[in-house]
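One chain comes next, on its own, written as structure tokens: the form predicted on its own.
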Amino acid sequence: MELIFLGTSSALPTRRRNHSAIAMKAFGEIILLDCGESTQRQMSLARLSPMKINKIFITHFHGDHFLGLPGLVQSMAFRGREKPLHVFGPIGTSQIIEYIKKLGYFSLNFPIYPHEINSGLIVDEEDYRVCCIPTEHTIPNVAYRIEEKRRPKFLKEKALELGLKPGPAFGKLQAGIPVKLGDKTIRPEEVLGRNRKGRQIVYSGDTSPCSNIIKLSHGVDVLIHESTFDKSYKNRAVETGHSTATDAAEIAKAARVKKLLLTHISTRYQDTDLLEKEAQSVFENSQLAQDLMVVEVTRSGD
């Protein structure tokens, strides 16, 4: 499971920071969190294929979080996409998708399914689930929690002792499928240990500090929280429905998350160490995200 930060700026892009977007590589697909302008170009720089995106989760409809959608959709169409694309977001998502379908001249040969959501469980797949909760911004914004389902620990050393080699056989056994090795059959229970907690991440979108984020983020492996300002701009943060680095760190601490990643950085900051150090003074395991930064999300105990 990897998080690739495609854009970490706030309302305006800079030479070093693109508009908001995060790609999550997991479960055999790419999950996209927000889709600011130039997201598809950032994906190219990160060597990620848009064709592997099945689901896009938009937090809210300020332009820096969704205006990359039209170009991404048209590029998918140009490449001959046929499989469906699911777009999740607050009220207004269906209307936005209809606008995108009619924007300019292009042929759309795949269905786009909009899902207008507010709170609760919104996706329940074999390997993971996604839930959301409303937060406090100047317009409707939802935060997302992506949670890997519990799976037995794969005992790699045991599998190697039985004569297996890393490859497709490992995947089959982890999926509960027996594997033939010569004249013997290796059963999943021979190489699977006890169930372990799946990995969990939360993405805030734009928000003032609020109890819903603490509730959604409780105990997660990674909290990705906006950090538009430093604490000297607290009044400005309140006025605009944003958070400071201190706010984000206090939420991480209250929610007992394992790691805090700061994003959505105001263009006023050339020296972003200020924000990172401010957060670390409250919550030590804080890191400020950079464009094209890759963060591996490991399981507890890995």
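Residue indices: 1-based, along the sequence shown. Being a predicted model, the structure only gives us computed values, none of them experimental.
Another form, the form predicted together with another copy of the chain, is not on view; read the next lines as being about it.
With the partner omitted here, the stretch from 152 to 160, 110 to 118, 134 to 142, 172 to 180 that lies within 4.5 Å of another copy of the chain by heavy atoms in the predicted bound form is 134 to 142. Between the options Leu274, Leu67, Met51, Val238, the residue in contact with another copy of the chain in the predicted bound form by a heavy atom within 4.5 angstroms is Leu67. In summary, among the residues Thr263, Thr244, Thr59, Thr39, the only one with a non-hydrogen atom within 4.5 Å of another copy of the chain in the predicted bound form is Thr39. Although the partner is absent from this view, Gln74 contacts another copy of the chain in the predicted bound form, with a non-hydrogen atom inside 4.5 angstroms.
Another copy of the chain is not shown here, and in the predicted bound form it never comes within 4.5 Å of any heavy atom of Arg194. Contact annotation for Ile96: at least one heavy atom lies within 4.5 Å of another copy of the chain in the predicted bound form. Among residues of the shown chain, Asn285 is not one whose heavy atoms approach another copy of the chain to within 4.5 Å in the predicted bound form.
Although another copy of the chain is not shown here, in the predicted bound form the stretch 1 to 18 places heavy atoms of Ala11, Leu12, Pro13, Thr14, Arg15, Arg16, Arg17, Asn18 within 4.5 Å of it, in sequence order.
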